[in-house]
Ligand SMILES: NC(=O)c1ccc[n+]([C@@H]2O[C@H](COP(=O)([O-])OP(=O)(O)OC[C@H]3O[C@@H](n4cnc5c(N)ncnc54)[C@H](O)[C@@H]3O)[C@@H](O)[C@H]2O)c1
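Shown next as structure tokens: one chain only, the form predicted on its own.
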């Protein structure tokens, strides 16, 4: 390796690189932009069907002064696809030392007795096995190189308290919290911190609109059948009487990834406006 190549490799090894999955979505995009604004190189990942929205995230990140942003697509439930993508990223840009494990799937909204089991299995596959698959591949790269890092898994208040008409999603996010606590213990000796965030209702945007509309469609003792009514009923559950913003979620994730959180691991932060 020549002097220039060696210097380039050392520079790539020293800089902070964050892999953000689910980067085409509302929270993923906000987190990616927050990190890019902090001068962290971001690798934006999502599935192929979200390529157009992923490219938009990349454009927004790249437009920031001095920001470095690239994209990759893979299925989080396909271990081979994940490993291949991370290997390619490491070869071209350097090994990411930060992971925002954010990809997820809400699934069908239905009472527990009506939920389609094949859809529930998909929710659990994406939200639990997908999180584990990406975390495992990411941590294995860092362990192989003898480097530390930080991981934030996106859980949900649905996993803390349970949400009506979302039994599979609630179960999957509870599993993410437990997975986080277990992985934090397994990886502490490697200098890899693992934490989680559990947002409550977050808006405005497609995520909020979708949840309101889908709860209104399901016969329920908890919500009405009109989206405007459902929106008010959701807000009424929050002591601060408002939904949170994607930027408020991004700020907490950025903190957990930073050296300011260097003694935090195995923690789940509830971003919930006082709800519990």
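Model, not experiment: these values are computed from the prediction. Numbering follows the first chain given and starts at 1.
The protein also exists as the form predicted together with the named molecule; that form is not presented, and the subsequent description refers to it.
> Is residue 215 close enough to the named molecule in the model of the complex to count, meaning some heavy atom within 4.5 Å?
Output for residue 215 is no: heavy atoms all beyond 4.5 Å of the named molecule.
> Using a 4.5 Å heavy atom cut-off, state whether residue 34 contacts the named molecule in the model of the complex.
The answer is no: residue 34 has no heavy atom within 4.5 Å of the named molecule.
> Would residue 27 count as touching the named molecule in the model of the complex under a 4.5 Å heavy atom rule?
Residue 27: contacts the named molecule in the model of the complex.
> Does any heavy atom of residue 132 come within 4.5 Å of a heavy atom of the named molecule in the model of the complex?
Heavy-atom contact with the named molecule at 4.5 Å: absent for residue 132.
> Looking at heavy atoms inside 4.5 Å, which stretch does the named molecule contact in the model of the complex, given the options 178 to 186, 103 to 111, 84 to 92, 138 to 146?
Partner-contacting stretch among the options: 103 to 111.
> Which residue, 202, 174, 150, 115, is the contact with the named molecule in the model of the complex, using a 4.5 Å heavy atom cutoff?
For this set of options, the contacting one is 202.
> Heavy atoms within 4.5 Å of the named molecule in the model of the complex is the criterion; list the residues of 118 to 138 that meet it.
Residues within 4.5 Å: 122, 126.
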